[in-house]
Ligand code: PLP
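Have a look below at one chain only, the form predicted on its own, in structure tokens format.
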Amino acid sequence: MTTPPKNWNRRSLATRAVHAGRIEPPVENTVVTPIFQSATYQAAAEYDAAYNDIRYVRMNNTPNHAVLAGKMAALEETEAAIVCSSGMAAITTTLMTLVSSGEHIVAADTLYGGTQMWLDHDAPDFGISYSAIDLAKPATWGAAVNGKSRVLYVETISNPLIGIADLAALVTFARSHKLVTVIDNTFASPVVCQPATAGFDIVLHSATKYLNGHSDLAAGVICGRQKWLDPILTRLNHLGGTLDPHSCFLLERGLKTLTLRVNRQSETALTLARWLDQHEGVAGVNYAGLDSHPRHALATEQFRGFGGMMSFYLADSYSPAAFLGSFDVILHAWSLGGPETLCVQPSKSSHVGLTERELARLGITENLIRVSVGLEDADDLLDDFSQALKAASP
């Protein structure tokens, strides 16, 4: 775990994405960080180190880990960062460090399905409870807090309904109740939003998605103040959520083009959202860049662009199966944030583990389609959506 060099904080996000965290002086004058494919490292004859400082790959402290941690801390403008084996490893390790048996989490009422399943079905096994809040109704938030509440957990842009968190209001609320603020910034990426600058204590990512950007690895990132990350790293090392050095290398490479990719995806997503919003086969579009989005003004104020994620409801008479089975360019596939445009039904993918009652409560119906906009030409994507909607029509 490293801290970004101070001089990077005055550089642009694009420059930080390329250079921050790099090894100085470079190994053998390399421009690209080598892959340190070693499970263990030699120690000095007299060696006295803390547990997390033992040079061993499971401890997530190889040179490849250190470069990534420095780069991510610079991108999210936090004191430090940790990289680990997946987004869920980042989420569960963080929550299991901050919340003990008998304690309580206050969480947004719409979350990624994996997170929701952990809260509903796994957290109780550890004696951890939670209460859900509607982010659009701040007057009701206080009722969810009790004497055992320790953490406020939200997503910058919610999966899959594209709800927008009011970052400043949430931080103010959490501080008034002495809650640690944790936010999943996967859908936004630091290109769109840096929640730590609004006061959030810990920022999480599934780096599998936008940070890597190439649909070829799984990784997670935890960014925040050193005092929070030190115990999280210890718990992570105990649980063994290790990211291997080669995946570190790939993730660092992906990060170098992060700003280019996300800005392009945001631009294309807005074009597609506007087109879908006018199509007779679409009952409604969830995208913060649309004027019709209930939190469009808030998103405009606190974001730089609106990201590449959207969802929409097919009209009742349209067939989701026919729609998803008729693409030429777009892929019917899980995950998000890569160069390929992907479409899924959240009820059968990201939220498949939830019960029918839980899905109904969240508004995740069979005709809800989630779109991760890729790097293809916008006109080609419009053409593909057009022919797929025609194939799905009654």
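Keep in mind the model is a prediction, meaning the values are calculated, not measured. Numbers follow the displayed sequence, beginning with 1.
What comes next is about the form predicted together with the named molecule, which does not appear here.
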- [ ] Taking 4.5 Å between heavy atoms as the contact cutoff, choose which of T94, T78, T208, S189 touches the named molecule in the predicted complex.
- [x] T208
Task: Contact residue in the predicted complex, chosen from Y112, W118, W141, F249 - any heavy atom within 4.5 Å of the named molecule - done: Y112
Open item on the list: With the partner left out here, check for me: in the predicted complex, does some heavy atom of M310 sit within 4.5 Å of the named molecule?
Closed with: no
TODO: Spell out, yes or no, whether the shortest heavy atom distance between N159 and the named molecule in the predicted complex is within 4.5 Å.
DONE: yes
Task: Partner proximity in the predicted complex: A69 to the named molecule, non-hydrogen atom cutoff 4.5 Å - done: no
Task: the named molecule contact at A219 in the predicted complex, heavy atom, 4.5 Å - done: yes
Task: Partner-proximal stretch of 315-323, 181-189, 265-273, 279-287 relative to the named molecule in the predicted complex, 4.5 angstroms, heavy atom - done: 181-189
Open item on the list: Only counting heavy atoms and a 4.5 Å limit, does any residue of 326-340 reach the named molecule in the predicted complex, and if so which ones?
Closed with: L336
